[in-house]
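Heads up, the chain below is alone and in the form predicted alone; it's given as structure tokens.
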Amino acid sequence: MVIRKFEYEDLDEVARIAATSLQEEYTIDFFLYLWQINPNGFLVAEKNGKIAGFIVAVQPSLNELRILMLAVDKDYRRQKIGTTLLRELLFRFPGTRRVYLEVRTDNKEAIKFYEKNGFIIKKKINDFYTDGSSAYLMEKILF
């Protein structure tokens, strides 16, 4: 498996993985915007020549990262791809002290994944998603 920066040619596969893995709907333009504002925080996992997953994060401050999306294609789940993407992201931002994200309160699988990777639930945010669903704010303090 190779973890590398997102490239324009990855756009269709990343959009497909997002559409089949995440409940929110995202436009191609949105992915391009995320790539534009933080190209170092947009990584893909490539396995056997195919995009298996991706992670997108922004850096709100020098020592913070906010993960906006992490998705792994259903055919590649349970192969440590999400964990590898998460670790590589943190490796590429060595000064990071705090990493945080929002996750749907009913997404038990994702919550369990993040907890396994050292995140804790900090609070519930009501009416966070476009469909009115709530989210948990989860964070990981690195040092």
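Source: prediction; values computed, not measured. Numbers for residues come from their place in the sequence shown, where the first is 1.
The discussion below concerns the form predicted in complex with a small molecule, not included here.
Asker: What stretch, of 58 to 66, 71 to 79, 28 to 36, 89 to 97, brings heavy atoms to within 4.5 Å of the small molecule in the predicted bound form?
Answerer: That would be 71 to 79.
Asker: Between the options 22, 125, 11, 120, which residue brings a heavy atom to within 4.5 Å of the small molecule in the predicted bound form?
Answerer: That would be 22.
Asker: Please determine whether residue 44 contacts the small molecule in the predicted bound form, using a 4.5 Å cut-off between heavy atoms.
Answerer: Result no; residue 44 lies far from the small molecule in the predicted bound form.
Asker: So in the predicted bound form, does residue 50 come within 4.5 Å of the small molecule, heavy atom to heavy atom?
Answerer: Residue 50 lies outside the contact set for the small molecule.
Asker: Consider residue 83 of the chain shown here, and say whether it contacts the small molecule in the predicted bound form, taking contact as heavy atoms within 4.5 Å.
Answerer: Yes - in the predicted bound form, heavy atoms of residue 83 and the small molecule come within 4.5 Å of each other.
Asker: Does the small molecule come within 4.5 Å of any heavy atom of residue 105 in the predicted bound form?
Answerer: No - in the predicted bound form, heavy atoms of residue 105 and the small molecule never come within 4.5 Å of each other.
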